[in-house]
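Starting off, we have a lone chain in the form predicted on its own, written out as structure tokens.
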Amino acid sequence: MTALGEVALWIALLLTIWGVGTAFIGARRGRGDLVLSSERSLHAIFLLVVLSAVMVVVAFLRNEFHYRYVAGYSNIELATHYKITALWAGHAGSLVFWVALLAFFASLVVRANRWKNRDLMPYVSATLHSVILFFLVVIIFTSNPFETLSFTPADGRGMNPQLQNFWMTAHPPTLYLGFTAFTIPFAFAIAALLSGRLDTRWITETRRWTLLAWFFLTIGIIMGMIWAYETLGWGGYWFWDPVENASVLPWLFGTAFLHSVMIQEKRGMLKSWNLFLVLGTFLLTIFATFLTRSGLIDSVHTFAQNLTISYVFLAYLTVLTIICTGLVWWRRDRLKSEHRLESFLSREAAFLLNNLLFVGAMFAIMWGTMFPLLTEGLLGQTIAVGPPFFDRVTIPIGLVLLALMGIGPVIAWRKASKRNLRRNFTLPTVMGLSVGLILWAAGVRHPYALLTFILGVFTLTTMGVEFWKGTRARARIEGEGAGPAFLHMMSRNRRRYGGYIVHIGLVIMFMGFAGSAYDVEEQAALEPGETMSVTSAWGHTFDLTYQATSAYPATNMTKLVASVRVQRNGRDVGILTAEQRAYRQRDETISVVGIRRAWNEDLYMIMAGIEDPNGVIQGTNPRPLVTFRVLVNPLVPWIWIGGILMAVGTLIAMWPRRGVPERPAPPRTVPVGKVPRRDERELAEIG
């Protein structure tokens, strides 16, 4: 039965080739029936790829180890929910899942545009088919999950222990949702270039798609940070790993695009720049996929793969870059700005500087990520680029962006007057400097941390004043109470105030990052009954008394659990446990940290080593010597709180207003060519 999955992939490949051809021919010849056929094929491709993905999961659930992919990423003892998530645990399955998500979004977009944007949709459909075609070719010819072994092993190798974690069941699919959703704005941008329709319509039509993609990519990155913090056992959440960097590159470009489109909508400026950003964002998602699957970099995030796949992705990325560059150059005469920048003291200038900083950060991170590969290829030796380089580059950029988050949304368009500057920035400046003086007096002397809090308070005050002014005006005009006025204000301008909430969340995250300047770490080897102490940056003393270590058999593993009693400033606050898990099938051991969370800090404990673990398991060593590594990480909970606020703000910004369009709906357009009457009825029934 599972062989149906491979058959479905082949049929999907043929339909994709058909869809590319009919879309382009239909656009060139004005054949609406061919365009309609191309769009319908996307629905069929989605169903076929989903069938293939389901068959991969069925193969895992049925322990069909004659498939190379199943044997490499599962075993008999693996828990059922991990057998399901094994679909994206390896290279081949993750590509099938990727294409399924992309086909889902493609199916949605053609359904949503069945009666509008008909001059753009042939090219949108052709572009989506082309991207799907590439991934299907890669899957079928270089990384087929239905490839069989010459023999059937009795059991599989099992899943990577570091992937057997809740956050790793959620992080990859969320990240893939972000990557694949960015294909929709890319397809509309290509359609605008090919059709010559280079007004703001393609931006308006893809605004929510861009926000949706950015939302998923943001949540995916934050989930990856939580996974690294809780699973890798090193006490941090971001190590500038190459694959971490690869995921943040399209996020930086996408964030710049979300800001710069406002300038084009308001002032008719930056048309070429916006195309550069949206095309670049999609290209960076392909680049991230290339890095993850190329086998060129060493990372816990990468999929093991030979170099063949790297050449395929590199060639595709090169061809896409040439095509995008050529299209923009071809349409350069239609991409001239309608207005010029009038003053550096304006919202346009603030957003432009914001964009340049995001793009600069992207190129700096890309350079640091690729530099070891370039030196190895050109010089024959690898020169490592570590966190110090990235910190030196990105921290100053981040601080300027932090200030711009408070300046950009409230400074005047075209040119800010002295009155505008004084009215909007006097109170935030006073608040920021006042908090800075208080923190300085309290002993906060780290320059970057202190500056982060000053700029953070400045921006938070700016946002707070905007919410207060809007609520007060609404209450005065409509005669409402503060609560209803606030809610109505939010619902009337969700894009604006949702963006403010995103900024507030990001500011709180920045403050959480600044807390790392005051991390405290201690390490000690303890016998049962012995105590170690660690004092946090806030002056809180934690006393940790080692109680005992026990062995527990579990599915697919054996757990060694060390129990420690924790006292904070002499008051008992409970038991904290840390684990080492020995996975039998892969003969690997990983650490599971113990974390005691408070609103302002984490007590983070790692079981770094244990004397005679086999003796503990067999019961011959009941009192082992255990090495504990203990950290107190200030403000880490603020990072996760800020991430939640960013997610909430994005959802608010993209949530449609019921029955009230954001702007007058464009007139209904006729499809390219004359669509026959029967096809019109059938098209209305799609979905």
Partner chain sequence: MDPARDCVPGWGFLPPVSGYILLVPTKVPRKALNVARERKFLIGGVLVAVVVGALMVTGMRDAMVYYYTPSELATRLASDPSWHEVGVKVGAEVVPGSVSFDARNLDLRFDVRDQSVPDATFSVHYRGPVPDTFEEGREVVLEGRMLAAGTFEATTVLTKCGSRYEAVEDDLRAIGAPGPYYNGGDGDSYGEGYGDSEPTPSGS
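These numbers come from a predicted model, not from an experiment. Residue numbers count along the first chain shown, from 1.
Keep in mind that the form predicted together with the partner chain is not shown, yet the notes after this line are about it.
- Message: Is the partner chain in the predicted bound form close enough to A89, L149 and R584 that every residue in that trio has a heavy atom within 4.5 angstroms of it?
- Response: Yes, all three are in contact.
- the partner chain contact at T531 in the predicted bound form, heavy atom, 4.5 Å: No - in the predicted bound form, heavy atoms of T531 and the partner chain never come within 4.5 Å of each other.
- Item | Distance check, S591 to the partner chain in the predicted bound form, heavy atom within 4.5 Å | Contact check for S591: yes, within 4.5 Å of the partner chain in the predicted bound form.
- Touches the partner chain in the predicted bound form: W440 (any heavy atom, 4.5 Å): Residue-level check for W440: no, no contact with the partner chain.
- Does any heavy atom of L625 come within 4.5 Å of a heavy atom of the partner chain in the predicted bound form? Looking in the predicted bound form, residue contacts with the partner chain include L625, since a heavy atom lies within 4.5 Å.
- Item | Interface residue in the predicted bound form among T321, N614, N420, N569, criterion: non-hydrogen atom within 4.5 angstroms of the partner chain | Looking at T321, N614, N420, N569 one by one, just N614 meets the 4.5 Å heavy-atom criterion.
- Proximity to the partner chain in the predicted bound form, single hit among S130, S310, T200, S272 (heavy atom within 4.5 Å): The residue in contact is S272.
- Message: The chain here is shown without the partner chain. Which stretch in 189 to 197, 510 to 518, 132 to 140, 90 to 98 comes within 4.5 angstroms of it in the predicted bound form, by heavy atom distance?
- Response: Only one stretch passes the 4.5 Å heavy-atom test: 90 to 98.
- In sequence order, which positions of 524 to 561 have a non-hydrogen atom within 4.5 Å of the partner chain in the predicted bound form? A525, E527, in sequence order.
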